[in-house]
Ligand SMILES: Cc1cc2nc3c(=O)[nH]c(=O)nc-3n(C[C@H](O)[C@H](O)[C@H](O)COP(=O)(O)O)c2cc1C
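To begin, one chain is listed below as structure tokens, in the form predicted on its own.
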């Protein structure tokens, strides 16, 4: 199965809102919500994509030859590649009824684990979503990262108790989900957290804790002070706030300040192995990709996910070879060009 075949099958399986574009750039879906698009005028998903493409790579083949190793060590675990499947929720609402959150998480966690990476799973109002995600991660001996919504502390504690049954690599919280409509005016309350509230949550967590949704140095400082092991530089794909910067525009300054103090991950519009390379050159330790994994799964389940992983991996290895990096640690800022 090649990637074009995956896309062709996905177009038959997906609902009417996602077009399974040759490269997911946010234009065809733009401000379609519910659906895969972004909030408001829909320009943030597009800006995420465009700003990665504005960065260019510096070719240098006057280097010693040799094999390329794209593997990485994160959270005390070895992974074949420095990119992972990001958390996705409400897949039947946004992408079509062929799969729901439970079946999606089951497949994506399994397929990613079999191909040497891991998947972040999503959360939802329905408790069965997290229960099924826990079971999926447990089947893969903990190779997965459950992502918990910013519920109140009592609810978060109960989620911790559930997901720890799977002995996950880490636990994440997408703080930026505070902007999702379904979290507002809920009982128990869910939403944004103060540094003290976040610290109280992290203090309960027995494994590395990842704060997803950091877009400023100030936000990174708060996450660090609260005790986060890692952050994800993320604007939730443009789905929670209109007209904010792209992740490519803010990553470098955050990484310069906190790389080595916390693990730095990034998502938002990263669509190729070349983009992964650029993110690493700007200081990220790893990358999350979300929507294209949905397309890949709808286009071929395990085989579709495997095909997409191999596509990104091949592009990353090729870029490393052509820019003179034999290992992930050898990717440096001078290997990319920015205007």
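Positions refer to the first chain, counted from 1. Just so it is clear, the structure is predicted and the values come from calculations on it, not from any experiment.
What comes next is about the form predicted together with this ligand, which is not displayed.
Undergrad: Exactly one stretch in 236-244, 132-140, 214-222, 151-159 has heavy atoms within 4.5 Å of this ligand in the model of the complex; which is it?
TA: Stretch with heavy atoms near the partner: 236-244.
Undergrad: Find the only residue in 55, 281, 274, 289 having a heavy atom within 4.5 Å of this ligand in the model of the complex.
TA: Looking at the other structure, the residue within range turns out to be 289.
Undergrad: Which listed residue (88, 163, 254, 111) meets the criterion of a heavy atom within 4.5 Å of this ligand in the model of the complex?
TA: Selected residue: 88.
Undergrad: With a 4.5 Å heavy atom cut-off, would you call residue 82 a contact of this ligand in the model of the complex?
TA: Judged by the heavy-atom cut-off of 4.5 Å, residue 82 is well away from this ligand in the model of the complex.
Undergrad: Would residue 268 show up as a contact with this ligand in the model of the complex if we use heavy atoms at 4.5 Å?
TA: Result yes; residue 268 sits at the interface with this ligand in the model of the complex.
Undergrad: Residue 36: heavy atom within 4.5 Å of this ligand in the model of the complex?
TA: Result yes; residue 36 sits at the interface with this ligand in the model of the complex.
Undergrad: I'd like to know if residue 209 sits close to this ligand in the model of the complex, meaning any non-hydrogen atom pair within 4.5 angstroms.
TA: Residue-level check for residue 209: no, no contact with this ligand.
Undergrad: Which residues in 215-232 have a heavy atom within 4.5 Å of this ligand in the model of the complex?
TA: None of them.
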